[in-house]
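The chain below stands alone and is given as structure tokens, in the form predicted on its own.
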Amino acid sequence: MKTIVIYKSKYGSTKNYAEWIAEALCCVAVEAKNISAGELAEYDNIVYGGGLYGEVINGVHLITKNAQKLAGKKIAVFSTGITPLDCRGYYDDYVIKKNFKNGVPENIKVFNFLGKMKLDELSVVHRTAIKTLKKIMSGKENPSEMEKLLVELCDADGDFSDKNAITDLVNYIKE
């Protein structure tokens, strides 16, 4: 079975996970910009990873726009971000629905991993977006628990990546 790991990484977390997964699956990790949808036909198993920005998995359209062409493939999609892993409801309600508008196809399983957010490494656009989000959420009169969490996450600063988190994804591809 031929396997490939593809990723789109802005700050490094997704690339790290992609390399860890590729090592565990004894295959290559390739930046998404270096592979075409047509080339994916050569693979039986495809792992795609992207950072999570405003509930959108960076670059996942490579998979979603080609879902019919990839119907016979086993696919794992993973995102990296700083939303706590126990916020599965948030992830399912917003991230899955936003990225898979017609639902997740049967041959695709979605995973999310903690990444990093180093405030001093963020682009001006991302720093501004975080400050704006924090200001909006902090100004709410009766914020929900998720909105309170988002305010807290705006101040997160660190690398929360965990190599052990890839186990379920790796096992899914190997089964």
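In case it trips you up, residue 1 is the first one in the sequence shown, and so on. Every value quoted in this text rests on a predicted model; they were computed, and no experiment measured them.
One more form of this protein, predicted in complex with a small molecule, exists but is not displayed; see below.
Between the options Lys134, Lys109, Lys116, His61, the residue in contact with the small molecule in the predicted bound form by a heavy atom within 4.5 angstroms is Lys116.
Gly38 falls outside the set of residues with a heavy atom inside 4.5 Å of the small molecule in the predicted bound form. For the chain shown alone, Lys10 is a contact residue for the small molecule in the predicted bound form, at least one non-hydrogen atom being within 4.5 angstroms. Although the partner is absent here, Ile130 is a contact residue: one of its heavy atoms lies within 4.5 angstroms of the small molecule in the predicted bound form. Although the partner is absent here, Glu55 is a contact residue: one of its heavy atoms lies within 4.5 angstroms of the small molecule in the predicted bound form. Using a 4.5 Å cut-off to the small molecule in the predicted bound form, each of Tyr90, Leu122 and His126 places a heavy atom inside that distance. The stretch among 136-144, 66-74, 45-53, 29-37 whose residues place heavy atoms within 4.5 Å of the small molecule in the predicted bound form is 45-53.
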